[in-house]
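The data below hold one chain only, encoded as structure tokens and taken in the form predicted alone.
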């Protein structure tokens, strides 16, 4: 006879998860606790089918490795089915409205998850329009503003390393050079808006052209003030890394140039020295950890010595993507 599962609270059932800002600290704490419990069950090989016979639609406007696989594997482990849809293979490519898509898919299943992250001003707006018409939770698998599943996994990883009380610890969120493509701004924005709410002092570093969205900067300042933490912006990696407990250097694009990727990549070449290497890691605390949402541009954003070295936590961080996405699905669906 199957073991009876511990009952999950119902307070988040049906709730959208589009930005971490939409959830209270108490609600995020519940998601983190549930993620830790599900991780323990997964490690012990205990079945945890909280969502038998449920369906989640995964709607992708962009490519994915960790997000798609954590959702598909996570849904299976919860007893649900994840339905992958590439936007270009759907009628959205022919102009079907978010209203129609939201109404129809929510009549077929129990949640709609969307990745729409490459164009500033589009993804978040699109998700909220789907959510307005859907009668099931809409989950953000990354938009132009936030990547709430990634930053939840980041917070989980930081707590596993340093404990629940993070007050007084410093996280450096820094731009880094990458030649591959103009990456979304959502990860650094998600970090600066979430981490000050949970006790971390945040230092943001970037070249002058790589400013984040005004709305997110204003929220980060406000969150730091309300929670007695610090938020500051510097113009070089070295100042950000000095005495940092956590470093999170990654590339992102220029808001005004997302429609001109070649111009943005050409401009970025001025800043090839923005790389996370052993010399910069020596500026951090001895116990510091290196984090990245992956994929990292090795040899550009970070050296192999750092990403494969003792400071790196990128693989436990990536693994926690599974447990946090399962937590949010289990609590909302």
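Positions refer to the first chain, counted from 1. What you see is a predicted model, and the numbers here were worked out from it, not measured in a lab.
What follows is about the form predicted in complex with a small molecule, which we do not show.
Partner proximity in the predicted bound form, defined as non-hydrogen atoms within 4.5 angstroms of the small molecule, places exactly one of 278-286, 62-70, 302-310, 30-38 at the interface: 62-70. Among the residues 150, 140, 189, 174, the one placing a heavy atom within 4.5 Å of the small molecule in the predicted bound form is 150.
Contact annotation: residue 321 falls within 4.5 Å of the small molecule in the predicted bound form, judged by heavy atom distances. Put simply, residue 293 is close to the small molecule in the predicted bound form: some heavy atom of it is within 4.5 Å. The small molecule is not drawn, but in the predicted bound form it has no heavy atom within 4.5 Å of residue 116.
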